[in-house]
Structures are given as C-alpha cells and as structure tokens.
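Take a look at this single chain in structure tokens; it is the form predicted on its own.
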Amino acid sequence: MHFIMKKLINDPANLTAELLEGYTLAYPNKVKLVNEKIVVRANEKAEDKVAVISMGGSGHEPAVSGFVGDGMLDASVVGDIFAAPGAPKVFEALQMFKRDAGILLVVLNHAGDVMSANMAMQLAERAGIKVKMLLTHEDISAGIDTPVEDKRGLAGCVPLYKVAGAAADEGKSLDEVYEIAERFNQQMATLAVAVTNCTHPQTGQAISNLADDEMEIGMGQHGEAGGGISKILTADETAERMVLPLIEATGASSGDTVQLLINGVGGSTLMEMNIVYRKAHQILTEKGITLVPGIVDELLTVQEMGGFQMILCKLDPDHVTYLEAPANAPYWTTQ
C-alpha cells in the first residue's frame, strides 16, 4: 500500500472524537459537546422557538459544527470521516430538542445522510416529535434540469443555516421557517472545481485522481466525478466558466440581488479565491445584478483538496434581512 498523506494526527481511529474535543474546548462560550457526537449551542435557545439541526460527516471542518451558535444552528450531529452519522444518533438529537415549536432538520443530499435522516424521521414520528426535514440539493454539475434526487448538497447549506437560524430566532413558526429556508434553497446554485487531489485521513489514500496540469469542474466533495477533466485554466477563465451557469440556474437577472460565496475546500489560498471572486463579481455587475457583501473563506472543506465551490444565492428581501441578522457561531459572526 502506497501512503501519500502527510498530516499531524494521532490514532486514525480517534480523529472525529479528538477534533470535536479540541473544537469545543476552543470555543466554550459558543458550543459544547454532548453525547460524543452532538454539538450544541453553549447558550440554549428558548423552547418556544424552532430548533434548527443539521448533520454530516467529519473531515469537512468547519462544516457542520462550526455553524452551531446563536442565530444559526442549535445542534449538529457528526458522523465519522466522510461518513453520515447513524440514524440512532440523529434521533437522539431530535429527542434532545423536542419542543412544541418544532424542529427543522437540514440534510445535504448524499445517500448516507438521506438514509439516516429518513430513518430518524420515522422514529421521531412514532415518538411524537414535531420535525420537518429540508433537503439541500444545489449542485448543478449534473445539469440544471437534473432531477433533485441526483443533485448533491454542497456548501450552500451554510448560508441556508444562517437564513433558517435567523428566522427561527425571530420567532417564526416551523411552517414559516421551512418556507423561508426552502425558498432560499430553491434559489441557490453551486459548482465546485478541484485542481489537486485530497486524501482520506484514516486510510492515507487519495480519493481523486487529477494529474498535475488538470482541473475538474463539478467534482463532488468526496472526489465524486464532475463535469469533466480539462487542462487547468486561469482564475478569470475558471470564474467565467462557473458563474455563467450559476446565473442561469438561479434565474438571476438585471435588477435582482444576490450573494456570492467562494468556499475554499482546503488546499487553495485566499489569494486565489479572492481573484476568482473579483472576476465573478465583475460579470454579475455587468449584467446589472446587485451583490450584497459576499464571503471568501473556508466553510466546508475536503481536507487538503485544492479548488473551491462557487455558490450563488438569489435573494428575496427577507433573505437579505436574515443574512444581516446577528449571529455568533465559531465560524460565522454577524454583529
């Protein structure tokens, strides 16, 4: 077996437990760890407000747990590296947040996560827990008109957490929080590009196979195939190739307001990502589209993979308000 990984870790079997311990020790005023793999707010939300919970495998830090905090998620349920948490653990979190106001469970469209979430929803129904599930599926790499079940959920979940969390904190009902978040879900689109490979930190093996002079637009966040491998392009060429289909997918046009996010996936620098943002911003502005303040940062990573995800969100006026509302999570703070 050929190992190519070079990481500062201890026992590969303890990666998730150790990273969650370190994370919650670093931000004790914002988050705490309960029952091994459930991260919750340090300051609990009042029970008369809707709880917002999400889930996902570890290895994608800061997602998902980095967005647990005031104004965003109430809890995250964490799986092992690149693996969905089991249904019993998701159900445990739903039991923990059972309340008359209800729970919104946000799930990214990946087979393992969806299976666990569906099983937990069945258990919750039998237990009399009021919960609605929202599935994110904004990846357009398979085609804009591809059926929802074949579109992956990528880093667009993060601004959606912000919108849903703010609506819940405002005191909206479960039906209202769901409608606001689902409308946002339907109006966002994401494309990813990978320029270098990443490794699975438990096995040390590469999970994608790109040559030194290649890139792949549309690659998924676990090395899944995308829209095709090509020779590497410049930042401007890459930005143009990605933002134009995103504009088409969201239906954004002159007079609309959008938010543009560049999510680094682990191995690309802020210099590269800001250059990409610059070109995409230029193209959107030339089309008469107004941009609210954007984000160029690492939100949902894939270990040391080089590349980024470009996320475009067409905003209704209430979405602008919820994005601007106060939040105090370890990796998203709005004053």
Partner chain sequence: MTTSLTLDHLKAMFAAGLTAVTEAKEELSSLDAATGDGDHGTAICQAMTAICNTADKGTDLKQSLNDMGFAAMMESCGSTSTLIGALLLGMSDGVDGNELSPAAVATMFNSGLANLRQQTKADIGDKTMMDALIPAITAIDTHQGSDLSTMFNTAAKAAADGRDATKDMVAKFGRARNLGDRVIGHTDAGATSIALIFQAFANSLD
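Residue numbers count along the first chain shown, from 1. Just so it is clear, the structure is predicted and the values come from calculations on it, not from any experiment.
This next part talks about the form predicted in complex with its partner chain, which is not shown.
The stretch that touches its partner chain in the predicted bound form, counting heavy atoms within 4.5 Å, is 123 to 131, out of 202 to 210, 123 to 131, 251 to 259, 96 to 104. Interface membership of Phe91, defined by any non-hydrogen atom within 4.5 Å of its partner chain in the predicted bound form, is confirmed. Mapping the unseen interface onto this chain, Gly86 counts among the residues with a heavy atom inside 4.5 Å of its partner chain in the predicted bound form. By the criterion of a heavy atom within 4.5 Å, Ser173 is excluded from the residues contacting its partner chain in the predicted bound form. Contact check for Leu244: no non-hydrogen atom falls within 4.5 Å of its partner chain in the predicted bound form. This chain lacks the partner; the member of Ile144, Val148, Met119, Leu233 within 4.5 angstroms of its partner chain in the predicted bound form by a non-hydrogen atom is Met119.
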